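Take a look at this one chain, the form predicted alone, written out in structure tokens.
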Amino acid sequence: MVKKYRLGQPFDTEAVVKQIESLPFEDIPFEKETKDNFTSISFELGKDDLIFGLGETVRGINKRGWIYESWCSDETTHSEDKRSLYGAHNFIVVRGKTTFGLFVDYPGRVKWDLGYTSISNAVISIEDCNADFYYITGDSERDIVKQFRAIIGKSYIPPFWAFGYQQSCWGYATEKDFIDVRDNHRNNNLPLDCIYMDIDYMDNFKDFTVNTNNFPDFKGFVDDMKSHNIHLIPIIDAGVKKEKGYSVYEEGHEKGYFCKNDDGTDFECGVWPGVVGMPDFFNKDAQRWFGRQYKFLTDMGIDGFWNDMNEPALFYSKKGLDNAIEKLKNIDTEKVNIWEFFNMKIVISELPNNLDDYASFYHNVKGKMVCHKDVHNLYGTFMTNSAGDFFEEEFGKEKILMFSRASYIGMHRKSGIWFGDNFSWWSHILLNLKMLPAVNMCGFLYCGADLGGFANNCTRDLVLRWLQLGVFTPLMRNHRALGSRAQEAYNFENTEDFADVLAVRYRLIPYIYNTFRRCSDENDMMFRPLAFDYPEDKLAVETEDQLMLGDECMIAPIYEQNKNGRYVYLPEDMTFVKLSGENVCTENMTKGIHYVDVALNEVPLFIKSGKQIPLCKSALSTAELDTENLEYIG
């Protein structure tokens, strides 16, 4: 059962699509306090209570014991001390004496103190007196999630080819770069469906432009790549470069489509192109205008996009940069002591994503000016929705691939997400795994991490082990940063090991795709904690490095360096399967703890007793897959 408790006059986030009668906030079944424009609710936590959810966050599947903040953040490190990442996913399920779900529908900052300040108390607070609180009870955690998903709408379904393997790198800049990636995959028997275009394809980092020196016939190039079953996927950033003669900027400025300072002038900040205007996606006219800009690229055959920098990320505001430069000018370099030196560093370090900057600009919402900080978590969602609305009008559903870095619940109806700028760290394989059920709970089914890690230098075994997990994620993309070690599969020794793992992905696509569609249709989760399926099994409840996949399988990736296998807990009898290329090795195992060997070119999978899954023959692209003639294993 879903009950909605309304406090004040909430901003319409568009997260919930089902009409639910509002009850007074005073009746919510929690302790509550509303004072000085500050609202909090709290409830006791029993010793063994568990808390699931919050989508894209650090730490464990059980979120108890830390403070999280819903505040879409351009956060590059993803270490355990962080409280916010790129998404704001304000939904939790608490298992205790009463098991319930809670969605806090509020677009500003939400603080989740889940047993951190006091081990026996959870306190959830917002910096406002306007929000909707949805309280959900049901037969189980999975049932509660399904009820929640039913009120927020069906999850986005991308085109079939978007389930193929995808290669990306910040640094591919010319036609030759992309052709080399394509040919190196094909020549080494490495399946591939997509190659990504990071900011380098643009003309001086300007949205909806192409560098014609590097791509003299862009449409022809897109068509040629498609003839090889390769889709090119360009990036779109939130900021629009301020430049005379740049039609997108000039039209946006003329029509008043950029965010404003309090004096009505355009808010200006710096990102990749330099000084930019930030489109006001809360203005419905501006939102529709920006969405139609994608036509520049779809007219040339592009059928996939990734939206970035849309938290929004700010390298600096123009006002903030001017103030910082003035402070630095006043420093007497002959008298700098250690404290003044640290202060100099602080002046610079506080420029990016400064909270004062977020509080300084405004959106036009039906003629009313709304401060950005009060609706911050919706910016990336409304940007992506602007594109999604255009794509549906122009092409219909399931025709365009799109995913975004920033997100709020509701965007899942238009787009997927990726988990942002992770690192080539072994711990981030495990973090990737733990995020999957949490984002599924919030409706985001098309998701995945940068396999191999975005930043720092990878190792061959790390990439292979990460790919073994990525075989199961709907978005399977290898992506890295400019200047980091090359991690395309063909750049390593014994490339045939990578070919074996990627072949497994293509063999599994019929199962992964059909499971994905079912979970969208039935408001279900692809990935679940073992605790959801085996709530009375203490070992299963405490296992956080394995996940249930669909109704048939369990996955248990290897995420430690120099390991030839791992211990796995089977909560029931299962068939242990090792897949490698076209090879299938099976072994029946009983409930309990087992050590399993898994080579670098093998993908481990566990199939529940009495269940089967389909496999097809592998191919070099999804277009070449035979999805009719299947074999079944189990």
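Don't overthink the numbering: it's just position in the shown sequence, from 1. Because the structure is predicted, anything quoted here is derived from the model rather than measured.
Beyond what is shown, the protein has a form predicted in complex with alpha-D-glucopyranose; the following relates to that form.
Could you tell me which stretch in 98-106, 357-365, 490-498, 303-311 has residues with non-hydrogen atoms within 4.5 Å of alpha-D-glucopyranose in the predicted bound form?
Among the candidates, contact is made by 303-311.
Would Val541 count as touching alpha-D-glucopyranose in the predicted bound form under a 4.5 Å heavy atom rule?
Although alpha-D-glucopyranose is absent here, Val541 would stay clear of it in the predicted bound form, with no heavy atoms inside 4.5 Å.
Test of understanding: in the predicted bound form, would His428 fall inside 4.5 Å of alpha-D-glucopyranose by heavy atoms?
Although alpha-D-glucopyranose is absent here, His428 would stay clear of it in the predicted bound form, with no heavy atoms inside 4.5 Å.
Can you check whether Asp198 is within 4.5 Å of alpha-D-glucopyranose in the predicted bound form, heavy atom basis?
Judged by the heavy-atom cut-off of 4.5 Å, Asp198 is in contact with alpha-D-glucopyranose in the predicted bound form.
Does any heavy atom of Asp421 come within 4.5 Å of a heavy atom of alpha-D-glucopyranose in the predicted bound form?
Yes.
So in the predicted bound form, are Tyr165, His231 and Tyr446 all sitting within 4.5 Å of alpha-D-glucopyranose, heavy atoms only?
Negative, none of the three is within 4.5 Å.
Using heavy atoms only and a 4.5 Å cut-off, determine which of His372, Arg528, Arg507, Arg405 is in contact with alpha-D-glucopyranose in the predicted bound form.
Of the candidates His372, Arg528, Arg507, Arg405, Arg405 is the one lying within 4.5 Å of alpha-D-glucopyranose in the predicted bound form.
Pick from Phe215, Trp272, Tyr246, Phe390: which residue has any heavy atom within 4.5 angstroms of alpha-D-glucopyranose in the predicted bound form?
Flagged contact: Trp272.
Is any part of 149-186 within 4.5 angstroms of alpha-D-glucopyranose in the predicted bound form by a non-hydrogen atom, and which residues would that be?
Only Trp170 sits within 4.5 Å of the partner.
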